[in-house]
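The chain that follows stands alone, in the form predicted alone, written as structure tokens.
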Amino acid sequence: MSDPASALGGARFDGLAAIEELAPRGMITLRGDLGMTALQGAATAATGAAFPARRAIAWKGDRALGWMSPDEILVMVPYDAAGDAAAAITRKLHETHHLAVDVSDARSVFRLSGGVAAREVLAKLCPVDLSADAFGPGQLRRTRAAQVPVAFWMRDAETFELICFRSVARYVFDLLSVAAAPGGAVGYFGHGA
């Protein structure tokens, strides 16, 4: 088996905020009735993370559960554990209507760091209230960056992570880089020049 490769080879841009492509991450789309105890149990068993509330994400080390829609949870595990985790979820839910699919190779992950500047970069591209009062660690938004679907969350008060389809990784990286270009600060969240 070959080593996993990211879409852009770990691309990085330093501007108002630092933009970097992260290594591939294991991701499983889990769809079904999110109110079912069996589905919640299978998801939490795969990650050790608490089952998230609406528009939230819960982490346990390098594993997470993110609420994506009323019938979808994103299960994140180390890349090399995704196949086994998806199979374990399927075994646990074999008598339950569900879908558990390893989508790791279909996604790219980016980190935006720089606190207020990172908020500003995303606010230029996404129709989401990114003020500190409206969005913080533990929350997740599934939206658009310009014309493509993305989801993002904060790992801490200074750092965002964003996922998109691998097929548009270059476009998203370029969007983020242009929005983070030096001299492009809007200053809406108190970050200048």
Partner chain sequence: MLILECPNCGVMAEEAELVPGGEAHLKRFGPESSDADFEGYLFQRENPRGVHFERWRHAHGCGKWFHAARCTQTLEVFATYPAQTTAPPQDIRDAISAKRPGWTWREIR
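Positions refer to the first chain, counted from 1. In this text the structure is predicted, and so the values were computed from the model without any measurement.
Although not depicted, the form predicted together with its partner chain is the subject of the following passage.
J.: Given that its partner chain is not shown alongside this chain, does R31 nevertheless sit within 4.5 Å of it in the model of the complex, heavy atom to heavy atom?
T.: Contact check for R31: yes, within 4.5 Å of its partner chain in the model of the complex.
J.: Please determine whether T143 contacts its partner chain in the model of the complex, using a 4.5 Å cut-off between heavy atoms.
T.: Residue-level check for T143: yes, a contact with its partner chain.
J.: In the model of the complex, does V128 have a heavy atom within 4.5 Å of its partner chain?
T.: Yes, V128 lies within 4.5 Å of its partner chain in the model of the complex.
J.: Answer with yes or no whether R54 is in contact with its partner chain in the model of the complex, where contact means some heavy atom within 4.5 Å.
T.: Yes, R54 is a contact residue.
J.: Going by heavy atoms within 4.5 Å, which of 154-162, 58-66, 120-128, 37-45 lines up against its partner chain in the model of the complex?
T.: So the stretch in question is 120-128.
J.: At 4.5 Å, heavy atom to heavy atom, what parts of 71-87 sit next to its partner chain in the model of the complex? List them in sequence order, or say none.
T.: Sequence-ordered list has one entry, D71.
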